[in-house]
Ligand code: G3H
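Only one chain is shown below, in C-alpha cells, and it's the form predicted alone.
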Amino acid sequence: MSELVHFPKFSELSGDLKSCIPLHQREYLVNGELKTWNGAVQEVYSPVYFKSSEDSYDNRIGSYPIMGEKESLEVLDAAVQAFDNGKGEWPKMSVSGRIDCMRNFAAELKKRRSEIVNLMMWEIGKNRKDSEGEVDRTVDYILDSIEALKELDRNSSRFTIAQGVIAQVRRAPLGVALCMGPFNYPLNETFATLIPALIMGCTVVFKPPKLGVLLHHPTLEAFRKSFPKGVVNTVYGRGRDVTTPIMRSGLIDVLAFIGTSPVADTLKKEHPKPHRLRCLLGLEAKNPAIILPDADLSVAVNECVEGALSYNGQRCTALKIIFVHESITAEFLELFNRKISSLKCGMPWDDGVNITPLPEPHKTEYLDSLVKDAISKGAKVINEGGGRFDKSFFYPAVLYPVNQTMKAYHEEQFGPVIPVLSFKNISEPLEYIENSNYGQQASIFGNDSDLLSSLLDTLVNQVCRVNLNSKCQRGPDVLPFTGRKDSAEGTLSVSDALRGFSIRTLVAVKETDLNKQIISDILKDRKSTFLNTDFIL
C-alpha cells in the first residue's frame, strides 16, 4: 500500500466530467423566477483533488450565492403568498392537478440525471453507481408518492354518516414548509421531505445542504417549469444568516430537517410559536451490530462490511459499532479484515470503486484523532494500512478491542472507522443500546430462533428497526423510517411523509334534506376540490 489513492490530473478525466465544472451558480428560484445573484459567493471545494501541475493540486469546482436576511425573507414571502392562508392556487388545486405537476417534475428530473450524477461525484465523492442509484431512487420516490397519494385520496372519497351527521374527512396541507436535507444523500433525503410537502399542497422554502449545493442547480429549472410560481423557492447561504430569520418570522408551519440534533434544536428554538410548528427530523444514530456465536459468518461479514463502509460509512443508517461474541471474535475479525482489503479505493467515477475521498473539511484529521484516542486507551488498528490518510482520503481503520473510555465507543464517527468489541454475555451489547442516546436501528446476526425472538422483543422497545441477518438501512421507502430517543422526530416513508405535511380536515353537516341537496349540488357540478367523490385511477 505504497500509494493510498491516485488523485488524477485534470487532463486524465473524461469530457463529461470536465464539462460540468467549474459551475459558478448565480441563480436562485423565487416566486417562479430564476433571479440572478450579484452578491458574495461561497467557493465550493471537491473532495477530489486533481493535479494542476506536477507537484500542486487544486479542488475548487465552483461557487454559489451567500444570501442574507433580506433575501431569505423575500424567499419566505413568496412561499407565504403562494399559500395565502390556504387560498392560493396550489393548496386549492385538485389532487389530480398536483399529481400532474409532480409527474412533469419527475420527467424533468430524469432529463438531468447525468448532470446531477457528475456533480454529485465531484461535490461529495459518492461513487458513480451510488450516485446514479440516488437519482433513480429519487424519481421512484416521486412516482411512489403519487401512487400513495392516489390511494389516500381514494380512501377519502366516501362520506361517513354517524349520529345524524354527514361528513367527509380528507387531508389538507399544513402550510409553508422549510425543507433542509443532509450532504450524504443531498438529493434523495432532501426530496424525501420536499416531495411529500409539495404533493400535499404545502409551499416550500428549500435550502440545500452545505455540501452538495451545486448538484441541485439542474433542478431549479425543473422546479420552475413544473410548479406554479411561489410553490418552490430556494435560499442559499449560512444557516444562521438565512434560516434564523425565516424561523424567527413564525411563518413556517413545518420544519423538515435531516442533520444533527444541535442544529435542529437551534432551529426549533428560534420559532416564536412552538405549538404551531410541526417537525419532521432525521438526526444522529450509532447503530450497533450484534454477532451471536451461531451466526453465519460469511453473511455477517459481508453485511457488516457493507453496512459499515457503504459510502465510506457516511450514513446515519451505517453500522457504527460491532459487538462480536468472544467465541468467534478471532475468526470474524480475520474474515472481516480480509473482506475490507478486497475493497477498491479510488475516485468516485472509477469502475467498481468502494472507498472514495471524504467531502467534509478536516474529516480525516477528526477520524485520525479517534484512532489515536483509541490506541492510547488500549485498542489497536488490526487491519493492514488501517487509518492511513492523504488529503481527503482515509483508509478504513478497524479498532479492537474498544471499550467505553474511548471516543469511538460513544461518538458517531460518520466515516470509515469501525469500533469492534468482544462480548461474553448478551447483556453487554443490550446495556450499550439501552444507555445510548440514540435509537434508530440495530442488526442481529444468528440462527437460534429462541434467542433471536427474545432479543427482537427487547430491541423493538429500544430502536425503531431491527434487522435480522442484514445490515441497517433505510429502504424500501414504503417502510417506516424513524428513530427513538435523539435519533428522529416524526416518521418518513412514502405514506407517512404525506401525513406528516398534512392534517385531517373534514366538512360536516346535519343530516337534513336541505343539507343533502346542497352536498348533492356541490358533488354533481364539481364545485369543490375538497368535497368530492372523484376516484383517481
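Note that residue numbering begins at 1 and tracks the sequence as displayed. Being a predicted model, the structure only gives us computed values, none of them experimental.
The following text describes the form predicted in complex with ligand G3H, which does not appear among the structures shown.
Taking Lys286, Lys363, Arg137, His217 one by one, only a single residue has any non-hydrogen atom within 4.5 Å of ligand G3H in the predicted bound form, and it is Arg137. The contact with ligand G3H in the predicted bound form, taken as any heavy atom within 4.5 Å, belongs to Arg315 out of Arg315, His271, Lys207, His325. Remark: of stretches 452-460, 315-323, 418-426, 293-301, the one touching ligand G3H in the predicted bound form is 315-323 (heavy atom within 4.5 Å). Mapping the unseen interface onto this chain, Pro480 falls outside it, with no heavy atom inside 4.5 Å of ligand G3H in the predicted bound form. By the criterion of a heavy atom within 4.5 Å, Gly39 is excluded from the residues contacting ligand G3H in the predicted bound form. Proximity of Glu189 to ligand G3H in the predicted bound form: non-hydrogen atoms within 4.5 Å are present.
Remark: Trp122 does not count among the residues lining ligand G3H in the predicted bound form, judged by a heavy atom distance of 4.5 Å or less. Shown here without ligand G3H, the chain has Gln473, Arg474, Gly475, Phe481 in 469-488 lying with a heavy atom within 4.5 Å of that partner in the predicted bound form.
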